[in-house]
Every structure is written in C-alpha cells, then in structure tokens.
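A single chain, nothing else alongside it, follows as structure tokens in the form predicted on its own.
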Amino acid sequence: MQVQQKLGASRAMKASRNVQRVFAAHSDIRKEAALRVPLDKAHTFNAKFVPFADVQSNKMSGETYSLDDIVYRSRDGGLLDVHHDMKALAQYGPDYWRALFDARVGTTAWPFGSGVWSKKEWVLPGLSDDDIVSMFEGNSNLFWAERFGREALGMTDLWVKQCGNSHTGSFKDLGMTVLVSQVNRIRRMNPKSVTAVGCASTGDTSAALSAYCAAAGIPSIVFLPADKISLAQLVQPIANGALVLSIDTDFDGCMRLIKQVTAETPIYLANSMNSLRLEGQKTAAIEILQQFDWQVPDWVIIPGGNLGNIYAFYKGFKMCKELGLVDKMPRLVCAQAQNANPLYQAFAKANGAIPEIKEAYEPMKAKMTFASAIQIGDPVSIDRAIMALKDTNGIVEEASEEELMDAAARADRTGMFNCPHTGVALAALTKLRERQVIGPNDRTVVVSTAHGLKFTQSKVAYHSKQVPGMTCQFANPPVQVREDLGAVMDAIKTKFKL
C-alpha cells in the first residue's frame, strides 16, 4: 500500500511538472492544453447518467444514458444523476488525487486553473479541453469568521466559504461552467441539436447561464418572475445578451413553463434538475477539504431553496470519503427561509426523523423573502436533499425575515458583506448554537452562496429602517451633518461617546 501511495504522489508531481514545462514554453493556454502530456492512467475514467432512484437504492437497474444525450428524466419520470466509474478512479489511491488536485491550485494551465476543472477527472472526465467554457471559477476563499464567531456565537472555529466571490457573483458559476461546456460539446457534434440554453431563475442562475453562454457564443433565454429579483441580478442577463422574459408568476411558475418549452424545442434545460450542474457545484466541498489540508469540518451549513446544492456538497464530500481522501463526512445543515420552507416543515412534522421526511413533505406556495434565490415552494431536488441529510445525520433549520436580515447585518459589522441567503445560514447557526446542538469548538463552515453587492437594495432598506414590521436592530444609517466643524465633532462625540 505504501509503495502504491508513493507511486500515486510521484505521478501527481510528474503531471504537475509536465504542466509547468509546457507553460514555460508556450504563451497560449489552449495550445498548452493540447501539448500537455495526458494523465498516465491504465483505466479510462468515464461518467454517465443513471436514474437517481438507482443511486438511492444502491442497485443499478441497467438504465443509463450518455452525457451527450439530451435527457433530463429517467423512464419513470424521476431525476437523473451523474454516475462515475469509482473503481477506475480508485486505482490511483488517495495520495495521488490529493497531490494532483493540490498541484493544480492557482495555476494558469488550461483548464486546471479553475477550481472546478482542477477536478476534471471527477467532473466530466470524457470532455475535451477544447470544449470547456471556463472563467477560472471556484477557488473561492474560506473566510475565518473569528470576530463574529467569538462575539456573536462564542465559537472558536467558524468559517465562511465565500462562493459568491466568483465571476457573476454566485456559486451558480460552478455548475454552469460544466453544463455549458457539455452543451458546447453536443453542439460541436451536432450543430442543430441545441439552438439555445434556457432556465427559470430567481436571479443568480440566469446571470451565470447568460455569462457562460455569452463566452461560448451560445444563445441563452431566461424566465424570470416579474418584480421578484434585484436590479443587480436582472441587469446581468440583459448585459450578456440573453433573451430575458419577465413573467407574471413566481419561480415555480417559471419552472413549469421552461420545462414545457424545452420539451417541445431544441432549447437545452439548464436548471438544477439537470444533474450536470451539480457536478460543478460539488467541487466546492472538495475545495473546503483542500483548504483545511484534507481535514473534515464538523458541520457545513448550506442555504436551501431548490435543494440541489446540499446534495452537490454531499456528493463532493462522499466521493472524497469513498476514494479514501478523508475518513468521515461532515454533518450537513439545510437552512431555509421561513417564507419558503417546505423541507423544514416536513422535518418538523417528522420530529427530526429524516427517513420520515418524505411522507411528511408537502409543497407550498412560497411567500416573498429577502432571500429571493431560495424563494421556492416546490423544490425539484427534495429527494436528493433527503438522501444527503439521511447519510450525514443532518438537520434542517429555518430563519424568519428579521432573523436573516439581522444575522447578515451583524456579520457585516465584523468585515463580511453578506447576501440574504448567507443571512439565512448564519441565523440557522445562531439557533443551533443557542440550543447547544453545535458546540463552541466545533469546526463549522457556513456556505455563502452569493455576493452582497447583488442585494444592495435590501441592505439599503434595512439600514434606512424602511422594512415594514422590522426593528432592524443592527441598522447603521448615515448621519446628516452641516458643513460645520462643531457639528461634525458633535456627531463624532455622540457616536464614540468621547
């Protein structure tokens, strides 16, 4: 075993040196990719679509589809999942994969400089580098929330994974680079097979889709619920040249329409029921392990709307455990806004008994929430989320509008700049700390899904105390002062009690 591990590490270092030599000799990163020595593998890595039900039962039915097929559902109407040849991947051993992934971090070698494509063999192993559409997404920072953890929660080991520090300002870039790259391949093989890529969105998905399609020269179309997303989110697909349809309905209504449209036209569906998206999103979990030097945190708290992301994180952690890179899984927490909380309601009805959630689950009509990206009452990935929670002894928690806005604002005062969805996760963490479910020294990661700059309207309303029925206890409005030194000094003395 030790010989095999040393051989794996040696191969990873050799692959890294090959990349460095090519980079030194060539200035065009796509030419570098073409000249790079291929990964010296005795087994061909591959991935395919299988019914998610097969993954749940751990029994393969034999129903499979190529990733090149335009298919979103299994024969019985259930979701599909991307299934990897784990035996082939396991031939290389954990030391090999750890060394290989670590060697690619921060490079400009195409496409491995991306946090997603640095794990290409675990994402879309059969995809040509030429088909990849990437903006070197991922590699987002893991922020040590030392002051917030200490002062607000009495915690010593709290971290925030800043997935919003990405090209379009949200974690959706991680999944969209994978989906659009696969579409790029499909269109290259048959130019008439896909005329455009479409999605229903509450904002962030449309921004990511339009940006990556624009980079690839692929037309995009987005279905947005009218007057339910921020201007910053709306302007992104407009700027990227997408066909933007503002529809008088909510996200669930937009989702019903886009499914009908993609069933009848050569428009490719980009929503998270398409499991290609989750293959990119799972790499954020692997990044967290890398950033902790392959140590597993105790808890990971993830905002939940359509519920694909909690399954994606679960999948990333599970692949690392199955392939021996780590020896355990973190406990997962799904945090939902109280105004859009069907999973939390089912969890509460089942008294926390996760196997009974499915029977207790009922879709709901989501109400307006500041956490607009998770304003979803009938999540597509409900079964995926239940599986993730079951296998990790997970928890579901909720946050009211005031709780989520206060949590985001309080954390902002310690140097963060949170989106409302991160506020949901921080508020859920606060409740779990108050109940002593999460201990003061537990290593805990909160997943921040979007950049706060996309939600300045809600922040302005909060700090101006213009939110009806909300105290806004951490509001910090500007102080109006005359152009007079005495008035300025009085304002300073009042603030700092001088």
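A residue's number is simply how far along the shown sequence it sits, counting from 1. Keep in mind it's a predicted model, so treat the numbers as computed, not measured.
The same protein also has a form predicted together with a small molecule, omitted here; what follows describes it.
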(request) Name the stretch: of 242-250, 204-212, 393-401, 78-86, exactly one has residues whose heavy atoms fall within 4.5 Å of the small molecule in the predicted bound form. (result) 204-212
(message) Given that the small molecule is not shown alongside this chain, does residue 166 nevertheless sit within 4.5 Å of it in the predicted bound form, heavy atom to heavy atom?
(response) no
(request) Verify the contact flag for residue 114: yes if a non-hydrogen atom of it lies within 4.5 Å of a non-hydrogen atom of the small molecule in the predicted bound form, no if not. (result) no
(message) Residue-level contact is defined here as any heavy atom of the residue lying within 4.5 Å of the small molecule in the predicted bound form; does residue 376 satisfy this criterion?
(response) yes
(request) Considering only heavy atoms, tell me if residue 277 and the small molecule come within 4.5 Å of each other in the predicted bound form. (result) yes
(message) Contact check in the predicted bound form: 200, 272 and 306 versus the small molecule, with a cutoff of 4.5 Å between any heavy atoms. Do all three pass?
(response) yes
